[in-house]
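Below are two forms of the same protein chain, given as structure tokens: structure 1, then structure 2.
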Structure 1
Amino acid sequence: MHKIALGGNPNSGKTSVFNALTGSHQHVGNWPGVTVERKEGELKIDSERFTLIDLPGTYSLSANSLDEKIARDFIIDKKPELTVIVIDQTNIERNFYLVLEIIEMGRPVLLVLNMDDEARKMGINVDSDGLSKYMNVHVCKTVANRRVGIDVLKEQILSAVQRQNKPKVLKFSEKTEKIIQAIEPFFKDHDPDLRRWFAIKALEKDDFLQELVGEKAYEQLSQKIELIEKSIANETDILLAEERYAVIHGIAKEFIKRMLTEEDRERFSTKIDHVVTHRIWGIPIFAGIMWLMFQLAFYIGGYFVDAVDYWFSRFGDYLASVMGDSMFSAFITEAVIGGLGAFVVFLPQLFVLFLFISFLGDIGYMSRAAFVMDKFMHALGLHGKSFIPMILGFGCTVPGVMAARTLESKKDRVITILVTPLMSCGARLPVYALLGSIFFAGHEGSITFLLYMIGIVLAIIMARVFKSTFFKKEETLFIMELPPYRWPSARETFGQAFRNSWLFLKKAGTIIFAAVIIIWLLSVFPAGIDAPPQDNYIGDIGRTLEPVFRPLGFEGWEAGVALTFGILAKEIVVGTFGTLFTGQDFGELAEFAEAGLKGNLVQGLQTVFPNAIAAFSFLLFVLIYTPCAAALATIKQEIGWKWMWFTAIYLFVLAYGVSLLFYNIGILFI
């Protein structure tokens, strides 16, 4: 029968642990010679049998009280194979004082971190594995009154008894250790395992030592301690208490993580919300965060874009050199590398942007943004809840349109869906990034931010227009619950960004790839690969469309083709330019083609857009015009054919009007 002791502070849950371990196998008596209750219980773990002796609950082992003396004498004299110490995790620093004292005895211990439920509520999380490794003791967590963790505790008891690990000696400061060493020789005739502990007790002026060492030696010991106290100008018992608290403080710092409690989080959230959802500051803060997001996306992503671009071009050159001059080689280098590569190179920026959007959503900021915009939109007589689908539209119009289902009234739903495509989706980003890097080098982030903001403003204006034309009355109240801010898990945030980036790549491999092939075929037939694209079908299409777009400042026929195919998916706008310009001959500029994918595109685009005004006019057009096929299909599914056609046409007309106005006013200034 193994003998194990159970110790702990009063109210740490010791009785609950005792009952949970021993069930009804308990005997109650008194400790010998005194009237203090002594409880003993039995338990069986696997085939091993244990007697568990419940020590009186104490805060320390200084032998000042009867309870403390009983507990201490039992551990010293009866040498239990294991002392299980129950700790109230909500008060771990105080509970650890006793733990240190028991550990100083050098006997195997097991720490039960109890009250785990309460600790969690208070945001306390003890790293039990770390603590166990550090102290070389078994550690487990329990909620003893509900028997949670008791089975694991039993396994740990068995393992601790079998292994008989000695806990690590937790050293005090060098100065104190020297003092302890100076005292240890007084106990050279006693158990070597207990010498350090006796020395510590002597320094704590524990008078039980008088009996242990005899009167004479005790006097010498007292004189020695007096000398030490004089030299350190402190009392040794106070010094040791201070040292123990210093060790406890170190352990707490290392192994206790204090997270915000629910209450703290709510308080903290309210404080932040006072600022970020402020009546006046809310909107500029939202705009500022968006601006920062684009700056960082372009800045961080930009590093990778150049690298991807470089390797993509090198790969294209290599394939071209290996495959020689053939139709297939032209297809690979122009359609695949040129067409797909032109926008796949923007994946890093898009990834960073997705990462930010999912981070802002995960920490709970996006619902604040909707809340802020709600007030603003209410002021315009609109429904604030509409802003949630609109914000989702930043990622992709399709989920944005679908999210409008949450709006109760059909009118709100229709209005929201009609304006959600104006929220710039991720697919338009490669277009902004490409033209931004050519015509507004160094300011791509700000240009993109500006376009996003124009999209938001136009969406609000158009919503207001629709409200006062189609749906005159009706006002619903928007009550929104703001979840407390939380620190998102990196896994969730990155996972979301990876999923979105993967969708982007998947689109690249399917619909966009197909479109790029069609564009390429149209650009090489009927006259063949040696003829420039304008001599082929694509040129015919482009020339037919050219007069339509020329008033907007687009001088090359390629712009019309890119925009037309862009209705399949907005990324195709860049893909089309990539396919058309990768194989095109630029005469004297040809040397620049060496510079890579973007090098070719730069020259091509500079011929289509003779100046930054024309380029921005094109960006405005891409931002506003007819949404992609997938978005249109979703609109049809949600509110029917009629509204789908309406969206497709009104957005085209709006885009045309805005670009026309911008370009014709803009060129007056250059």
Structure 2
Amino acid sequence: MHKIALGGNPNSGKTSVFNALTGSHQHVGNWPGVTVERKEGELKIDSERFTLIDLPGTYSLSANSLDEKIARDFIIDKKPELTVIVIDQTNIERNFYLVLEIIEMGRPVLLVLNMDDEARKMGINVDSDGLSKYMNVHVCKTVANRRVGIDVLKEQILSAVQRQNKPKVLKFSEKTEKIIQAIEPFFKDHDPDLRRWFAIKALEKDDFLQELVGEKAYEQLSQKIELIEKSIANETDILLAEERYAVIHGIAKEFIKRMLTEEDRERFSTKIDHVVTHRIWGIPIFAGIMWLMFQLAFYIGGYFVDAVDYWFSRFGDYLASVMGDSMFSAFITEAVIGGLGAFVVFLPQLFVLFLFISFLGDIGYMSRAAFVMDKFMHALGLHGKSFIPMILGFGCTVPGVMAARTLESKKDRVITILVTPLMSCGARLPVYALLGSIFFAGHEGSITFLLYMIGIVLAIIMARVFKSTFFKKEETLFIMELPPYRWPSARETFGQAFRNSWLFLKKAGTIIFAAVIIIWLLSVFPAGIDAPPQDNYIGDIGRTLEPVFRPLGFEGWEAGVALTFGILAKEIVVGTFGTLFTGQDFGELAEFAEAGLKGNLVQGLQTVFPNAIAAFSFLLFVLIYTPCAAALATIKQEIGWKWMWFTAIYLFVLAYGVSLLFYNIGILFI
């Protein structure tokens, strides 16, 4: 089976190309030794079979970040038969820097000029045939998110693999070529195809060469480069960057025709950016968009939540009537229907939230949000690029933590990972929706927005604390390319929302299902199903924890149990309440309860939280405290055991302090 690598800049449409080529034949795992996600796909062209490896999106192969190192090492060590490089035609000059670096390796290359429709709208026309002949590489134009040009791309892949043409070596100026030739002898014992590339990397002062040539040779190499820099009165890494951009400028002048004037190219997206990235209005606009997102998620999703809740309840009543009174019947109605159903009913609201987050990312707004936050975050210890992993944490903490690997500075990576759990993940949304509908009816969206904003503010404050405590001297610059606004493909946007929703359901059917079974067993033994839960093991656990949480306003022992099991997965907080309260008799409270699963939860939660202040104190604790087991495991893999335990402990202490302070101040006003 042929091995192909797929590379490209972030926002170039690389994922769309990967999905279009491989369809459902995809596998997701981790790169060896790290938790960075590795995507592989299979495709068949005529009678040939191919494995397509999706490399992390990078701007270069300088190995300043883990993503760049992974992409570079894979091309060098695994020697794919072909490297397919996806290029955003609307920003072709910026994308071509990575192209030149890969071509310098002397390996077969295929260029995918993506977003052809947007390029034409902007008056950009690339002479793909001329470019192909000049560089001796295959070139194909696509609109990947609409599957345009994919069949031609497959034909080009087959042809490129069969021919194995090496790309043309793009020469620099005569002076620079002589400098490169002076460095090449240091790599005479290595792959002849890579000698020129190694020499260039040496001139760019890439540290990985020290291990390649050995300490003594590397010292001699460094001395040679110092002599060269003195002779040319310039730094060699700057010289190489200037040379590459000179080559790119020449290619652009020869093969890229722009049919619009500079004034014409002041396009729609640029005009929008004058508003949404404004130094004063940018942050309020971001906050307004987030508020609207939560309002719509609860408003639109709320219609479906009531329907799902109704049918879950009816189904539970039907099963109870058919199976009668038995332990198995109690297990089905209390654990499966009550425990799992208690948070699955909120899936419609989660889906709408996932849909909006996917849409904002696809149209290019999330990069603007990072840009808007840059100045404020930089003053507090981070830069705007760190906000991207934090935004990803809105969906799930795990990919948010993993995304921090794209940050060049160790300081930024560690601090971003430490504060990303404060971004309110989708797993917490059922808790917000449940308590919001009971104690803040009609204002669920605003309450959820407030919690998300509190998480962001706390993350920024803690970043400043960590920066001044652990990383006092490190400073980094913020460089980020803003992609043009694009109207997203409905298939891609909805597809991402469906995938996230499916992961939520998959989680419900595995770890959460196992947890609610354990909770239910603890609630019925040893006294039996006829005894109230507080008379069983779960009650013993709850009463032990109750004094710890009572100062926060939680009057029922169930709160401590829910929070403890919530460390496994935050959805279990709602699942625990659902399991414990299903089938209980709440006396006079029953006449105020609504029908369905939420009716049981209304009755039970009113005994745990005596007022809205206590309920919001609980929501604050859920927002802040120790992240789930999966997130902790990811933190351990990314930055080690020490930081994992630090994260678990500091977030619990912070949650307790914030909730305690809020409750004791808030209770004074009621």
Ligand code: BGO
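Each residue is numbered by where it sits in the sequence of structure 1, with counting from 1. All values derive from a computational prediction rather than experimental measurement. Basically, rigid core = biggest C-alpha set you can superpose within 1.5 Å across the two forms.
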Output row: form predicted on its own located in structure 2
Compare the position of the CA of F609 between the two structures after a rigid core fit and state whether the shift reaches 2 Å. no
Does the C-alpha of A217 move 2 Å or more between the two structures once the rigid core is lined up? yes
Would you say V17 moves its Cα by 2 Å or more between the two structures, aligning on the core? yes
Report, to one decimal in Å, how far the Cα of G130 moves between the two structures once the rigid core is superposed. 32.9
